[in-house]
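The data below hold one chain only, encoded as structure tokens and taken in the form predicted on its own.
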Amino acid sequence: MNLKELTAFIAAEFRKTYGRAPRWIAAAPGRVNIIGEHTDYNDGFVVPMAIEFYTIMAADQRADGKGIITFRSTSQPDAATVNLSQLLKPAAPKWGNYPRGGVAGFLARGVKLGGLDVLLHSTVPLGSGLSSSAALEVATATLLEAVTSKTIDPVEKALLAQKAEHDFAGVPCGIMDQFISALGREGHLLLLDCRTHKTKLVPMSDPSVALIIINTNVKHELSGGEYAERRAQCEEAARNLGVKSLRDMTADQLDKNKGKLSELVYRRARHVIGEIERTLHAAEGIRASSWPSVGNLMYASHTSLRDDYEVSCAELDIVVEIAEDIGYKDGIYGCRMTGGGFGGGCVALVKTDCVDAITKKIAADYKTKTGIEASIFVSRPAAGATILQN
């Protein structure tokens, strides 16, 4: 459903749930990261895209005047409640902690809130690495903007949503997901500087290309805290190289100082430094609609994530191999794993008129090679958070 259809749907569902029409409706999208993986905690750059899958929320003031916010979901049996007269803290059900944290962010800013009845619905596929959590957090903040008539700067809203996830959901996430959900614009990607939080819109209005997101439906259980390990290795590299972060080191400088690092830490640093450079080049390539160049950078990113950073897995590699076999001639410019790794998804840059054939081919070949059904989504760059009814 597009946003117009989702608005009509949530309004009808709200009426069924609460017996009256909603006064406010707001939505925020999920995202996919086009390039820039494991660069965020190294003060680097990322290029995410808001996708055409949304969390949408409808609300009205409570009829009984009580200072309680009730969050209901079309997909969850239990309601989440917030008693505005009590100190807010995490509580059951777990999904309610995402909007609960958004309410806490508004209260911390001195914004007065009254009781509300809220209904939410999400089309962001769960467990696909498309950031359904950030969509829910940013949708909550956007809805509360409508309710209170207090507009928050989009960067501040993204940071409010990130804090909600840290403090209430207990997930130490980065900033990318909330930033693209809050600041995305239709027909554009976002180049985000993770050090300064400055953003630049990157136009991607060429109708001849689209993005395919392939969820491998695999998540490998890991031992040893690989994510924390990678962060520690990057910090060790920066420390030994005498820089604040790997953002401050070029590939040439790294090679000249290779002797200061173990072979393993050198490879970790080589990925990060190369990925930051690839990300900036990719942003320029997208601006120029230089799709073969962007595709090559995506393939190079995957190779580096697989070989130097060692966060890929057999299923992700198989998807990329299938994409390479299909090739430019049959409509694929490039493909790479996206997200933290060890499972999850890939993103492929493709010719729009080849989407159907490519989708079928990837699905069939992946099933043959792995015995697993992939979930495949197609999206163009979507609008960021928006108030749909006020």
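The first residue of the shown sequence is 1; numbering continues from there. Model, not experiment: these values are computed from the prediction.
There is another form of the same protein, the form predicted together with alpha-D-galactopyranose (GLA); it is not shown, and what comes next is about it.
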| property | result |
| --- | --- |
| Region of this chain that lies against alpha-D-galactopyranose (GLA) in the model of the complex, out of 169 to 177, 78 to 86, 257 to 265, 240 to 248 [heavy atom, 4.5 Å] | 169 to 177 |
| Partner proximity in the model of the complex: Y227 to alpha-D-galactopyranose (GLA), non-hydrogen atom cutoff 4.5 Å | yes |
| alpha-D-galactopyranose (GLA) contact in the model of the complex: Y41, any heavy atom under 4.5 Å | yes |
| Close approach of G36 to alpha-D-galactopyranose (GLA) in the model of the complex, 4.5 Å, heavy atom | yes |
| Any non-hydrogen atom of G67 within 4.5 angstroms of alpha-D-galactopyranose (GLA) in the model of the complex | no |
| Sequence-ordered list of residues in 316 to 351 near alpha-D-galactopyranose (GLA) in the model of the complex, where near means a heavy atom within 4.5 Å | G339, G340 |
